[in-house]
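What follows is one chain in structure tokens, specifically the form predicted on its own.
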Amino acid sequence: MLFFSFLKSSPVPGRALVYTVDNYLAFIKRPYLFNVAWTSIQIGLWTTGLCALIGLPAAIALARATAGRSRHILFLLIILPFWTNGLVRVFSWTMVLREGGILDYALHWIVPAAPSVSLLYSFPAIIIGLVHAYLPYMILTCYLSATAIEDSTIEAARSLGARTPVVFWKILLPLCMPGLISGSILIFVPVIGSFMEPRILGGRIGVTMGTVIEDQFTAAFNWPLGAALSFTMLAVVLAIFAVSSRVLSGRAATP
């Protein structure tokens, strides 16, 4: 793919290979790609943020409020999405979010006079599908950090008069931060390159860097541009890893 990214056209038998770096100037020659990239980043930030808001409390509750068989059952429920095909999972959400779907039916069952509700082919629909797919990553990474917190630390804080919000902000959140950062990386990096959920749940508005790259390979047969866009995203991902590794190393070195 790196070799293809420097070609002027897709390699086919009988065509001379012409090399160029114009594919890496796509963001300059095609300004609309900036809007597409910003949409991808927004989707990544929203998905990562919601996974953090849901996953961190769930991981802490799983680590500190459960034990034995109940913990195993909850673990099973958390990893259950990994056992289903991703395409089937996304199409299942279309049955829930479309007009006349499960969500619309439940709303009319509660409020018969309510107007029809359809979240399908919208930005929230994309976020819902991605959060469902990637939430287990956040829960599992935060769970590893939460289980390392000793009970004596929490008991000491409570004995000094700290209430639950103070215990969370002063003790649990800082000690769970490595897992939170690791989970954020594991979610944000693949989400900004996702194409299945945006295409199926977003429809016309689900144009992201992932869908653009997919179209270059499958529809436009412009492998060089698709490869160049992929390596541009790879550079962004490596920059994220470089920054996050410094943050994690700094926290690990802090006594």
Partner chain sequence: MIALGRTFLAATLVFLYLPIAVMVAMAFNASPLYTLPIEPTFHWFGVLAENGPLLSATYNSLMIALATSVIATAVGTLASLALNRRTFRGQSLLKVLLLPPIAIPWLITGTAMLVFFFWTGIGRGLHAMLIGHVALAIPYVVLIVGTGMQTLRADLEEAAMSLGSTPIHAFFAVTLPLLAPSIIAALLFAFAVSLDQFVVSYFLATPGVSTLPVEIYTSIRKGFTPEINAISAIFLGVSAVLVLIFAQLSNLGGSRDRR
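Because the structure is a prediction, the values reported are computed rather than measured. Numbering follows the first chain given and starts at 1.
Here the subject shifts to the form predicted in complex with its partner chain, a form of this protein not shown in this document.
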### Query
Would residue 77 sit within 4.5 Å of its partner chain in the model of the complex, counting heavy atoms only?
yes
### Query
So, in the model of the complex, is residue 109 in contact with its partner chain at a 4.5 angstroms heavy atom limit?
no
### Message
Contact with its partner chain in the model of the complex for residue 57, defined as at least one heavy atom pair within 4.5 Å: yes or no?
### Response
yes
### Message
Taking its partner chain as it sits in the model of the complex, is residue 53 in contact with it (heavy atom to heavy atom, 4.5 Å or less)?
### Response
yes
### Query
For 182-202: residues with a non-hydrogen atom within 4.5 angstroms of its partner chain in the model of the complex?
182, 185, 186, 189, 190, 193, 195, 196
